[in-house]
Structures are given as C-alpha cells and as structure tokens.
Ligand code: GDD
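Next comes just one chain, in structure tokens: the form predicted on its own.
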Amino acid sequence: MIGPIIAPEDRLPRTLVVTNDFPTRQGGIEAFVAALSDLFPPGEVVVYTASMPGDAAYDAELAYPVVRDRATTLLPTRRVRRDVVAAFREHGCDRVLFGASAPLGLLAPALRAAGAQRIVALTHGHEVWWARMPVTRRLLRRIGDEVDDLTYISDWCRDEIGRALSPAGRAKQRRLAPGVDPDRFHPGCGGAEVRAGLGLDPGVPLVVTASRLVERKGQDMLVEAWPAVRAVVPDARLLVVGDGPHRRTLEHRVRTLGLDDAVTFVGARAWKDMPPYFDAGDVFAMPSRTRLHGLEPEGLGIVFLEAAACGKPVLVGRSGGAPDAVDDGVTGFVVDPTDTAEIAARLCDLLTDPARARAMGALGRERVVRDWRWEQVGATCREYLDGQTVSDAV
C-alpha cells in the first residue's frame, strides 16, 4: 500500500482536487490523479470530478468524498464554476489541485476569491498543443499567471509548455512526474497466472503493450513489425492490453497479415488489475509517436515506469518526453517509432538474449525504486500545496 502524506499536527489543510481525469475512466492521467488523491489522509482531500459509468460503486470504496458533477466532461462554464466554488466552501477547503491545468485551471481566479490559499495545476502532455495554438496559447498563459505552481512531467514538456507562458508563469514551473508503487508492480506479481489464463506456455517469448488503442500509441507499428520478429523468433507472441477506437483497424490488420495465432487482444483492464499483465511479458513495448505536426506527443508514459518496476526491459518511441522514462541501452531502448525495421530489430535483440533482457529489466526496476516512487511524488506535491520551495529532483 502507498503510505499517506503526513500533514503537520498543528493544522489540517484540505485540498479540493478538480479534475476531469479520474476513475472510472482509464488512462495515465486518471491513474496519476487517483494515486495522488489516495496519498492524502482521508480528512484532507475532496475530489470534484465528472460523472462516469460505474462511478457510484467506485466512489463508495474510497476513504475520501468525491463530488460528481452532473456533466460527463467538466468545462469552466459559469455553472461549473459556481458548483466547484460551492463544493470548495462546503467542504472547508483552503487549497486546490487541478488534475490537469487546461482547461479547468481557468477556474483559479474564482477559487482564489473563495479563499484558496494555494493553487497547483498539473500538466501532462496535452498542454503542448495548447501552447502551440493561438487561442489556447493565450488561455494557457492566463492559467500560468493565476496559479501558484504549474507542474510538468518531463523536461521536454516543461520547455514546450513554457513557450506559451509569461516570464512569471515560467518561474512557477515545477517538476511533478508520475510515480510507481513497487510493492504492487514487481517481478512475480501474477504474470504466470495471466499466461496460464491465455493458454501460453511459460517459455513462450511474449511482448506486452498496454494503453488506449489509438493510432499514435504505436500498436499498429508493433503489428507491422511482427512478421519480421517472427522470422527471427517464430514462436514470439504479442499481447495487446487496452481498448479504443483503433481496435477494429488493428484486428483487421492482424488478420490481413495472418497473425491471428501470434497477436492476442484482451481488451481494457482497470489500473488496479494491470500489474500481472506487465509481469506476464518478457519485454514491454509502446513505440508511441508524435502526430498532427507535433500537437499530439507522448508526455512521458506511466506504463513504461510500471513495466520497468515489474523488471521488464522497455521499448519506447522517440516522442516528446517519453525517452525520459528509459535509460537508453541500459534499461531498454528508444527507437524511431516510424521505423518497423528498427522496432523489430530491438525486440529481437531482447527476445533472443533473455539474460540481457532480464539484466536490463533488473536495472530498470532499480531506477524506478530509486527515483520514481509515489511516496516521493506525494511528498513533493504536499510541499507545493504548502507553498514550500523544493528542488525539481522528483
């Protein structure tokens, strides 16, 4: 279990987390915001978020209150502003954490007027395109000016987002990357059972990829590379975890290439159920790429860290801040995400040299345990919310 952020005994601050990104929706940002919320002692956090299928059952299991807006997507409208401010006052909050700065960070002035002493807004990666488009660029600049701290998940994201900010806004940028719980994500956390459930022999070479099935995440490039992988490793299998709008296209391409016996789609899995799927593979791969002329990059990729914590070497596409998640050539490889030949070659390097793959995976886990633990992330977030000056080492 992740330990709580310990608040000073002489006061009990309460933070309102305002976010669209929260379970039951699935994704890296949702996992990030949920994990941060879980780190607070129960009496010190309230979440205000959108309505989602299955949210009542999910919220009932939490140790802190969740206020669900009637909208399925929160926008900084007059009505949402009124209701968020009402929740802030009703629950006695004195600080605010925006789960994603854009667009809800535009509510900062109203919350400041309602008594917010500190306002911290997280950025992830989608803010990069906000920083590049004229209208949204101006809105992002406003958000940076209004909050106390604007966090970033990678140096690349910091620099790209910073281009849209005023000098005062850039001075507020602070590092807050996602973390991993190595007690949940670890070697031997259920991969054998996943393999058995899929009818896979323990010795079958297996590459796992996990994310939403959208074009830029690179599942299509793994499928395209797979004939070359099988030419070297004939019994290699690809396990695709996740769902999304690109699934039917991927399944059609698998059939066209005659890979039905080599590629398995298992659908979406809740974040809490993910560790065994990372553990099941010999290699984790997600060669995500930047699309739309730079407007859709990979901000970092929490799945890379979770797979590394399970002792797996990771293959990362050269996109945005994703290379920060791997020590290239040591804990995995950074590849050109548009080059199927390079993708196949690196996968074959790992699948044909299991000892090297295990050694890289072990170094990856050491790196995560040393530098990417949720306890570190939570402590840094607490310091930002308390207005303390901290280093950007997290």
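Don't overthink the numbering: it's just position in the shown sequence, from 1. Treat the numbers as computed from the prediction; the structure is a model and nothing was measured.
Here the subject shifts to the form predicted together with this ligand, a form of this protein not shown in this document.
Highlighted residues R237, F333 and G361: none comes within 4.5 Å of this ligand in the predicted bound form, counting any heavy atom. I302 is the sole member of L97, I302, V229, V316 with a non-hydrogen atom lying within 4.5 angstroms of this ligand in the predicted bound form.
A210 is the sole member of V207, I143, C93, A210 with a non-hydrogen atom lying within 4.5 angstroms of this ligand in the predicted bound form. Only one segment in the set 262-270, 198-206, 67-75, 100-108 has any non-hydrogen atom within 4.5 angstroms of this ligand in the predicted bound form, and it is 262-270. Taking the partner from the other structure, this ligand in the predicted bound form has no heavy atom within 4.5 Å of any heavy atom of L350.
Of the heavy atoms in G28, some are within 4.5 Å of this ligand in the predicted bound form.
Interface residue remark: I119 is not counted as part of the site for this ligand in the predicted bound form, having no heavy atom within 4.5 Å.
In the predicted bound form, R216 approaches this ligand with a heavy atom inside 4.5 Å. In the predicted bound form, the residues of 223-246 lying within 4.5 Å of this ligand by at least one heavy atom are, in order, V241, G242.
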